Ligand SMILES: Nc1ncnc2c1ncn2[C@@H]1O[C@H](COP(=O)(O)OP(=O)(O)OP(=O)(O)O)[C@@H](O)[C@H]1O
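In structure tokens, one chain follows: the form predicted on its own.
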Amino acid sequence: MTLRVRGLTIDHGAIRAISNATFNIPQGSITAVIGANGAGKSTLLRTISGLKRATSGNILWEELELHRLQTEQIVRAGIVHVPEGRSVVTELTVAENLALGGIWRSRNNKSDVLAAIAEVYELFPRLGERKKQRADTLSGGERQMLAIGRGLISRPQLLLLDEPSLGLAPLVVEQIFQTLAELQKSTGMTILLVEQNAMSALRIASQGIVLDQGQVVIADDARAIMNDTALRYAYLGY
């Protein structure tokens, strides 16, 4: 399914975070949303997932008007948001955190939840090695793997990822991004990726969206954005 954003405007009180944004996220794509701090990237994801209400405009997931739905309804529609900050429950083990990702499905789909957990261990072998450890004993990279893995337990059709590389070593970032690319290729999942690490994100993306002060500057092929020196210099600072 295609995610369609039309004329989306989002305000934080008197501050306009997103202004009249219009773009499509094609089914089965990886789309990287890039831009400087304060560009509105995280606010965009929070609004798609229902954590923030739009001031005006539409967010359409085929026939569903996401801007009218509650977060739980959006999750049940196949959209999962992994926020920035490696948000896991530190007092719980790896296995317990993953089980939380399927809590709303386990009553009717317990066997599939268990299968999904096994798939996450296969995708991120380090988590399998540490399944009995508390999350607060994990490294930053392992916590990010756990946050992503927990999001995958509900088998989303659209995965919203906010700054998965934040604060991680370059080698770990490369590993996580490569895993995301392989995941998309093997499952056909649509991924909307918000990133400060623009080049790493664009390398695995098919489409890029550049935000500047809440406005969509360009939505184009990821390679075209990577090769546009003037655009990169003006909006991405390199």
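Since the structure is predicted, the reported quantities are computational estimates derived from the model, not experimental observations. Numbers for residues come from their place in the sequence shown, where the first is 1.
There is another form of this protein, the form predicted together with the ligand, and it is not shown here; the text below is about that form.
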Answer range among 31-39, 63-71, 184-192, 200-208 for contact with the ligand, defined in the predicted complex as heavy atoms within 4.5 Å: 31-39
Heavy atom within 4.5 Å of the ligand in the predicted complex - the one residue of I225, A21, A17, I25 that qualifies: A17
is_contact(E163, the ligand) in the predicted complex, heavy atom dist at most 4.5 Å: yes
Touches the ligand in the predicted complex: E119 (any heavy atom, 4.5 Å): no
Contact of Q175 with the ligand in the predicted complex (heavy atom, 4.5 Å): no
Q196: touches the ligand in the predicted complex, heavy atom cutoff 4.5 angstroms: yes
Check all three, H12, T43 and E84, heavy atom within 4.5 Å of the ligand in the predicted complex: yes
